[in-house]
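There is one chain below, alone, in structure tokens, taken in the form predicted alone.
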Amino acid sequence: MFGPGEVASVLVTVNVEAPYSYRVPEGMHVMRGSIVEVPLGPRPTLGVVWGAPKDNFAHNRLKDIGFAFDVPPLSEELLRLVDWVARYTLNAPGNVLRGALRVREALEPPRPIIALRRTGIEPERMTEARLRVMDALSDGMAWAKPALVGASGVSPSVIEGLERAGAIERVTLPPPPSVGLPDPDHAPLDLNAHQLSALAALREMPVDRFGVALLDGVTGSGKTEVFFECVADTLRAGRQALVLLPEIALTHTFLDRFSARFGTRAAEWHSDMTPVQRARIWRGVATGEARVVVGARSALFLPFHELGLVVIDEEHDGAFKQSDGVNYHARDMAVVRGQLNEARVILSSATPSVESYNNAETGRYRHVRIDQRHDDAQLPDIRAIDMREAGPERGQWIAPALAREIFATLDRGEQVLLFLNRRGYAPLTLCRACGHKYQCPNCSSWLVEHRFRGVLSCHYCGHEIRRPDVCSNCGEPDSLVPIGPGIERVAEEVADRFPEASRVVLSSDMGSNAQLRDRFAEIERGDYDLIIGTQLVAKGHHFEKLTLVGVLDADLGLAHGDPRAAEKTFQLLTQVTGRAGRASKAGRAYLQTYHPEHPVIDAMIRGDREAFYAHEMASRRETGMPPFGRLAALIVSANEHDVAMNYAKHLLRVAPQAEGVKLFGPVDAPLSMVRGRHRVRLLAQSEKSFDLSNYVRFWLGHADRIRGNLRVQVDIDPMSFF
């Protein structure tokens, strides 16, 4: 505790490496974790009391803490997490802290509610409108003014007149709770024998001790129901729970299932919320009012004080990697937070990341398997269509064998999913007269045609132009042709070949999250026969009528030089084919491929998941790739290519020599320009036991100062290589 006249160090939420010292003014007491406002330059800035200063300062040279907020101090565990993430990812602690204090509104006390109720005094003059108001208030309850206006159908002036007459009075009510209190015993789930066995294995981890388990269950096996019971155990123990989901679009369905189990919805945390909603949830978590939070990766930095369980659903998903600002992986940081909080961590997936799978196989994590689908539903029968021998006719994208299966499925009244992980109508537009290709002026990427909106769009910076009627290079009219398919082009073919089928097209850029949730609800009701979608439809959905999945380009993810390409493709194909046959009807999936002999495609066809993991881990062990080695990427960017490349070459020259470390580059990044900035990559590879974060920190500390528009971004444990 720091009292008046004492000096405290305060970490501010800006790009700073260490706390600054401030004096505690008269009438104020703060402690480590207290959230304060301090003067920094010309403006007040949020900060957190970090402890006692390491150096002595003359008090008359120090500024006073401006204000201490009336909220619980951040927990010791969260402060240590901020320090840990900053050290590991090579980010300034102030930047990391900013992620925990983004909601400035939450620090203000919640506003009380002003309501109206009857006083027992009857007004001297009673009109029909006044009578409706008095009737509405006859239940003896206090009503908020807007609600009373709506219930009685009168104008606000009528209510104001009754207030002046003394017939009604204002009362102050406390703000409503931020979220309902989940009941762990509301509706316990009827688990099958396979789920009960998995739950028993998870319960071997004590509720009040740190432990990590990989909940590894096939698609449709009921993993969610299993970890729901772990959430219930956590609530019974008086602790809070956090469930992280990779996609906001999944949240609505998940919360409905949560509400059915626990009698109320969990607190939500994601970017689609309003500032007022986020403020209420942040404060509810800090006070302990919010017992369960379901959210995106940033929820990991919420101010829990009693955190007892962290669940990472679809733990393999790349959306858990933060790629802007602080480059952290929420899955890995969740394990760190679990250790700091003495909390259990459950990583749930039908296709675990190779890192998590290896940790489970070597005993670092508890490996909990569910090998059977719920209600003994069968996994889909997966077959390959060799596009070299049985591909579609020119100008079409659905092979004849798949088309026949679609007709048969529709005749049975069942649903079909056609999957292509490519948004828009066509990935490239060129002029057949002069060969001109439409490229983004700000990025080294082609403009993607979105025919539904009539635009050519860049998927990296958002640059758009109207689709021209004449070539902008040679002026030839009607000469532009689309090259390759996107889901909009597939939808066009579907409309032509299956005109009687109702259809819906789904991708992340087609409407708001609320609109996407409506489309998913309609699909679940069976309103559509044919669903054409990207990876948005690949996970977290249960469509009972869906029995056929067609993957139109199973090789798409394998075409890049990404060291994780095989893993990502296997995970995506497993997830999307797993949408088929999740109820009583058998499911089938067809993979259109030019490489049926590829280890990924072969493992999918044979249903031999273990063979894929064995092949992938053997390949990575041989090359020293994660999880058998470590990687750090340095992305040097500047407005001019030569500036970026020259500084990257300088970095390579000053790199310290260390046994077991290999350096690669510098080379232009595969996506060599984004938003007008040229990008050059360096890659450091080390043995698993090597402290690569400290090595890179030492390395950058010996480099020339970064000047002008030059930037160096460090990505420890990169997931993307673009």
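Bear in mind the structure is a predicted one, so any value in this text is a computation, not a measurement. Residue indices: 1-based, along the sequence shown.
Beyond what is shown, the protein has a form predicted in complex with ligand ADP; the following relates to that form.
When contacts are judged by a 4.5 Å heavy atom cut-off, Arg423 does not count as touching ligand ADP in the predicted bound form.
Ligand ADP is not drawn, but in the predicted bound form it has no heavy atom within 4.5 Å of Glu77. Proximity of Lys223 to ligand ADP in the predicted bound form: non-hydrogen atoms within 4.5 Å are present. In the predicted bound form, ligand ADP sits beyond 4.5 Å of every heavy atom of Asp411. For the options Glu622, Asp139, Asp324, Asp190, the residue carrying a heavy atom within 4.5 angstroms of ligand ADP in the predicted bound form is Asp190. The listed set Gln195, Thr89, Ser152, Asn95 contains one residue whose heavy atoms approach ligand ADP in the predicted bound form to within 4.5 Å, identified as Gln195. Only one of 212 to 220, 526 to 534, 401 to 409, 337 to 345 lies within 4.5 Å of ligand ADP in the predicted bound form by heavy atoms, and it is 212 to 220.
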